[in-house]
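Coming up are structure 1 and structure 2: the same protein chain in two forms, each one given alone as structure tokens.
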Structure 1
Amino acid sequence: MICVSIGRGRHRHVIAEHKYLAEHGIRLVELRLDYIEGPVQVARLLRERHCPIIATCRRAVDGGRWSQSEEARQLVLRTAIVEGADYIDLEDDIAQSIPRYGRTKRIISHHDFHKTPADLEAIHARLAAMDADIVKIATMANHPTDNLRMMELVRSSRIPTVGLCMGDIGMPTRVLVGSCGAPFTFATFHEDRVLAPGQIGWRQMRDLYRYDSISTATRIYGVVADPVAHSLSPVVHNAALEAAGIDAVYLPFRVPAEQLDEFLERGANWPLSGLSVTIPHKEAVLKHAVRQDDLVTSIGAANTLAFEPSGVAAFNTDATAAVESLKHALYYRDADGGGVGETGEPDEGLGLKTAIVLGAGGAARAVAFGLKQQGVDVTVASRTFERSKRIATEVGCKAVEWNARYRVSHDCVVNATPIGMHPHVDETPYEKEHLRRYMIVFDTVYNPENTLLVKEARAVGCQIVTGVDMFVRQAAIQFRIWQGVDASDHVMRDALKRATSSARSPD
């Protein structure tokens, strides 16, 4: 069950949100009484309740907003019990001074905003002994392993326990805790108004991660990166998994570089089935692979891992996705839609002769490699010339200074820099006076899809390949590796477009 925390300053806003949630199928809400401005009208909030509630009133030290005296806070909590709150949240240091009364169930809670302590089990045992109906422990995750310890605590507990890790690193416990036996997890009313670090909105919890359908049989996939919060891979993969009716969930795993080895070594403890890999881990993951595909060997980086019985297998789907996207633009220019899983593309090369790749990071390297493999004469131009020279040596292509990019002959331009990406949407890496109608313009930026470069190239009449094409194709190839079946192209594409447009909407 998803419990939605409501933290609003005015009673009428609390009541309105509560009503809205109940009407949308939410069966438990947490009223954060510490957010109310002025005197708290506990009786009014309980009288107008639309589904069961947890009454919580947090001090600043526990991450709350209560600014009056501790005596006044405990009076609010006692009043909530007398008024018949369904659950009362009592922190461990006050739990014994507020006795059980009526039908109100007691949640005995403990928070640690700095760490996940070594003595989690001892803390749990202490809370459980305080006449608890439910134990709640929320601790900061500083290491992915903290999630594993927390989930094991919930699994092994005999008393119902909500054990959550906070922060980006701890986010996976919020989604997986129900499958470990927790009675509920917490989510916020709106994802932009989080009440604790790492919280997500209830719609994300319900619709994106499908919290209520996750069980011990659900396979776990995810993207490993640092940072990871803005990755759109969960949006695309979860939509495709749901559409295919596959019992699996795809999560964001923030893993700092120095913690990657332990995270992967303990993959079986989650247990992980597959990972997308992105900055800064694409090269570092390789030492964990017992086998890798030829592209990984050639490019020296992987963006996909599959956890197989024999060990970890590494793949690179970026170069293939870039080439497939170009092929589609060249051979299916009049066709409708993307058609990720289609067959029948000509086996011969791309038919392109020359290309300039702008940028010299991971994306540029994969695209340059893919194009080179197709017999294209590739030149890399980047701001830091040393980086393009390195790619040129690895891939066997040419490198030029950034300012020389227009002087190299090319019939295809690939933007593999972040220029044009939201919020810098009025920038382009390639001035429009240099665009020619015969060119193919491939912008790997996918947020927004219609970058300034794409718009200007379209106006000139160039053929366009967008970052959305490439992103969806690389995700679709990952899906095929993991699931052995094709993902729905339009489901992935629609999910990505919805996510990028809602991320830009002002509300």
Structure 2
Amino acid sequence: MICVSIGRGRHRHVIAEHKYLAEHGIRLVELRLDYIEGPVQVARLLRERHCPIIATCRRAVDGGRWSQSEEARQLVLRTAIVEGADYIDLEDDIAQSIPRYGRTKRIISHHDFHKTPADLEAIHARLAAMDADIVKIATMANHPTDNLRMMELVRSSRIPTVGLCMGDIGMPTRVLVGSCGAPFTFATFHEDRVLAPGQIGWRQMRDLYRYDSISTATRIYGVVADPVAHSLSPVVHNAALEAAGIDAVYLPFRVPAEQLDEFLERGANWPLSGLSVTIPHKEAVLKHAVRQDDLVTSIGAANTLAFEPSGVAAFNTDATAAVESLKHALYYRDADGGGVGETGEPDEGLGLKTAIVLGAGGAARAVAFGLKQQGVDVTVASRTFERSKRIATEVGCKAVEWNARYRVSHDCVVNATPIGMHPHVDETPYEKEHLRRYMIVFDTVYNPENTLLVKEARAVGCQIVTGVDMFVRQAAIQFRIWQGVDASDHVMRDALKRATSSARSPD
């Protein structure tokens, strides 16, 4: 069950949001009484409830906003019990001073906003002994293994327990804790108004991650990166999984570089079935692979891992997706003039002579390699010339200084840098005055799809390939590797476009 936290300053807003949630199928809400401005009208809030509630009033030290005296706060909590709140959330340092009364169930909670303590079991035992109906522990995750320890605690508890890790690293526990036996998890009403670090919106929890359908049989996939909160891979993959009727969930895993090895070594503890890999891990994951496809061997980087009985298998879907995206664009450009076989498919090869790839990361290497395989004369340019030279050596192409990227015109310009990505939408890696009508401009940035580079290239009359096309294609190949069936291109593309559109829309 998803419990939605409501934190508003006015009673009427709390009541309105409560009613809205009940009408949309939410069966439990948390009323954050510490957010109320002025006297808290507990009786009014409980009288006009539309589904069961957890009454909570938190001090600043516990992540709340209560600014009055502790005596006044405890009076609010006692009043909520007397007025018949379904649940009352009491911190462990005051729980024994507020006795059980009536039918109100007691949630005894402990918060640590700095770490996930080593003695979770001891903390849990202490809370359970305070006449608890439910134990709640929320701690800050500083390492992916903190999630595993928390979920194991919930799984092994005899008393109903809600165990959550906070922050970006702890986000997976919010989605998976129900499958470990927790009676509920927490989500926020507004996506942009979180009441605890790492909290996500209730619609995401319900519709994107399908929280209520996750069980011990649900397979776990995800994207591993640092940072990872911006990734839209969960949007695309979860939409495809739902459309295909596959019992699996795809999560964002924020894993700092120094923690990657242990995260992968303990993949079976989640258990993980597959991972998308992005910055900064595309090369570092290779030492954990027992086998790798030919593209990974040639490129020296992987963006896909499959956890198989024999071990981890590594794949690279970026290069294939980049070439397929360009072939698709050239097919439509040449449809009126030859360049298309009798079957309606593009002829072998790209028909491009020269291309410049901007960037020196894993995506740049993959695109450069894919183009080189197609017989294209490739030049790499990035703001770090040493990295450009390294890619050029590995791929067998040329490298130039960043400031020299305009000196020679190319048939194709590929942006494999994050320049132009939301929120830096007013930036471009290739100035408009150097664009030519005959060029194909390929921007791997997918959020937004219409970057400044894309807009200016379209205005000049260039043929365009957007990051959405490549992103969906590489995700579809990943899906096929993991699931053994094709994903719905239409479902993936629509999900991505809806997500990028809503992210830029005013609230």
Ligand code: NAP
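Everything quoted here is computed from the prediction, not taken from an experiment. Start at 1 and count along the sequence of structure 1; that gives the residue numbers used here. Just so we're on the same page, rigid core means the largest C-alpha set that superposes within 1.5 Å between forms.
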Form predicted in complex with the ligand - structure 1 or 2: 1
Two-part rigid split between structures 1 and 2: Asn238, Arg458 together: no
Whole-degree angle by which the smaller rigid part turns once the larger is superposed between structures 1 and 2: 10
Between structures 1 and 2, how far the Cα of Arg436 shifts once the core is aligned, in Å: 4.2
